[in-house]
Ligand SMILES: Cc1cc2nc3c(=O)[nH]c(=O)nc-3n(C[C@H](O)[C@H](O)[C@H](O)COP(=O)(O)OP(=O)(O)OC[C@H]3O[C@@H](n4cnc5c(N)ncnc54)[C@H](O)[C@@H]3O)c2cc1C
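The data below hold one chain only, encoded as C-alpha cells and taken in the form predicted on its own.
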Amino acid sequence: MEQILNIIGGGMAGSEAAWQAAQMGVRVVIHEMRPKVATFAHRTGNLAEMVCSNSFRSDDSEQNAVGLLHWEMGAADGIIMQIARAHRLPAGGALAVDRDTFAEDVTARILAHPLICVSYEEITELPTEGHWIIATGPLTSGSLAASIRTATGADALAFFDAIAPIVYAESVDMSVAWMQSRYDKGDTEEEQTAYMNCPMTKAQYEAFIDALLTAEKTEFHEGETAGYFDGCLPIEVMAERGRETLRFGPMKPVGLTNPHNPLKPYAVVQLRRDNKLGTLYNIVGFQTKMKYGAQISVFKMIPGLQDASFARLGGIHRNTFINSPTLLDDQMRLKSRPNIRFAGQITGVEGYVESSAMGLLAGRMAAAEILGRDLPPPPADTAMGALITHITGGAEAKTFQPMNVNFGLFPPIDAKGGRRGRKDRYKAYTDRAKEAFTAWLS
C-alpha cells in the first residue's frame, strides 16, 4: 500500500518539504488552513506567502552564512530558491523578491506537481498515525499548539515578531530622499537604486526618538510577555535600549552620499523595494508595535515621508516554537512520537531561508524513511548541518532561543600557518561547506 506524507502548513517550510519529497517519488498532501481560517498577518490563501520582509537577505555564498544557505538550497533543487531567483528585485547584495508574484508562482508549481495535492482544512490535533511533518510556523493555530503541548509535556516557547510598514513609492518626496544602495552595492544601475534613503539631522533624529518613546503601543494580552528575538526587535524597543541604538543599527548613515546636501546626515532611514513594479517600498528594520494612529504620526516625521501613504502599517504577533533540543532527534522527529517531524520556524530557526532549509531537510528525511532508505543529516560544517545540529542538540535547552544561520554555529576552521583574517576565514568556511554538502547530496 502506498504511503503518503502529510504536511501541516503551506508556508515556506511546508512548500519546500512537499517539493523535496515529491521529487523523490513520494505522494504528498499539504494541509493548509488558509484561506478558510485566516490569520491577522496573511493577506491571501497562497502557499509560501511572505508576511514580514520581502528579502531573503544576503546572496553572497562566499562571505555570508545565509548566502551559503542559498547556495546549498539551490544545489538541492530547492523550489523556494528557484522561484526567488525568478522573481528577484534589485536589492544590492541581498536577494529580495516581488512577494506577490513569488507566492503565486510557488503555489502554481506545487499545485501542478502530479504527486502533490493541497487540502484546505485546519488540523486541530496532533496526528497519531501515518507520516507527518508539522510546518505551521510562527502562527500555529491555538488548537494545534495546545495539542502539541499536551503531547510533548512541555510548554511551547514564544516570542513576539513585528512587521515593518510598507509605503507607496509615489508618496515619497524625492526632493528630500534619494536612491542608493549602501556602499553602492550591486553591479547594475538598477540594483544600485533598489533603496530609497531619507536623511535626518541630529535635531530631527532626537525628535524622532522622543516620539518613538512616547507613542502609544500595542498592549500585550494577559499572560503574555515580551520575549523578542534580537534579530527582529521593534524600533521602539531598540530606542529604549539607548538613544543612539537606532543610529548604529537600521538608521546608520554610513556608506551613503546625499546628492541633495553635501553635509553627511546624522541618521538615515532606508526603504527597500518591495515589488517588481517599484510601487511599494518597505521601511528597513522598522518593525513596530506602535498603534496604527501613532505609526502614521511618527513615521511622517521622517524627512521625505511627510506626505507618505501606507500600503500596510506595522503589526505584532506571537511567535511559537518548540524546545527542539529536548524534543527532536537528529532526523527532526518528535522523540516521543517518531512518526511526526517538525520543520521550519516552529523548530526554533529564524528567517525565511532557515525555515525553508529545515523544510527541505524534513521533506528529504521523511521521504527517505518512507522509501526505506537511510539519509543521515548533512555534515555539521555545512550551513544546513550547522542549523540542524544547533536545534537538535547543539543549543542549551534551558536557554534555547530562535537562531539565524551564522558562522558561529559551524565547527571552527583550522588556522594552518597562523591566524586568518575574517574574509579569508569566511571563505574557508564556505569552501569547506560546499565540498561537504556536494558529497552529502551524492
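Numbers for residues come from their place in the sequence shown, where the first is 1. None of the values given here were measured: they were computed from a predicted structure. The term rigid core refers to the maximal set of C-alpha atoms that superpose within 1.5 Å between the two forms.
The same protein has a further form, the form predicted in complex with the named molecule, not shown here; the description that follows concerns it.
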Open item on the list: Within 4.5 angstroms, counting heavy atoms, which one of the listed stretches 379 to 387, 405 to 413, 66 to 74, 51 to 59 is next to the named molecule in the predicted bound form?
Closed with: 51 to 59
Task: Contact test in the predicted bound form: Q345 vs the named molecule, heavy atoms, 4.5 Å - done: yes
- [ ] Although the named molecule is absent from this view, report whether E240 comes within 4.5 Å of it in the predicted bound form, heavy atoms only.
- [x] no
Open item on the list: Can you tell me whether V26 touches the named molecule? I mean in the predicted bound form, with a 4.5 angstroms heavy atom cut-off.
Closed with: no
Open item on the list: Taking the named molecule as it sits in the predicted bound form, is G92 in contact with it (heavy atom to heavy atom, 4.5 Å or less)?
Closed with: no
TODO: Would you mind picking the one in T107, Q180, N282, S355 that has a heavy atom within 4.5 Å of the named molecule in the predicted bound form?
DONE: S355
Task: Residue among V176, L115, A294, I123 with a heavy atom within 4.5 Å of the named molecule in the predicted bound form - done: I123
Task: Contacts with the named molecule in the predicted bound form - residues in 126 to 140 whose heavy atoms fall within 4.5 Å - done: A135, T136, G137, P138, L139, T140
Open item on the list: Is the shift of Y292 between the shown form and the other one large enough to count as movement, that is, does its C-alpha move by 2 Å or more after the core is superposed?
Closed with: yes
TODO: Might you say whether the CA atoms of K289 and V405 end up closer or farther apart in the predicted bound form than in this form? Their distance differs by 3 Å or more.
DONE: closer
Task: Cα distance between R99 and K289, which in the predicted bound form differs by 3 Å or more from this form, closer or farther - done: farther
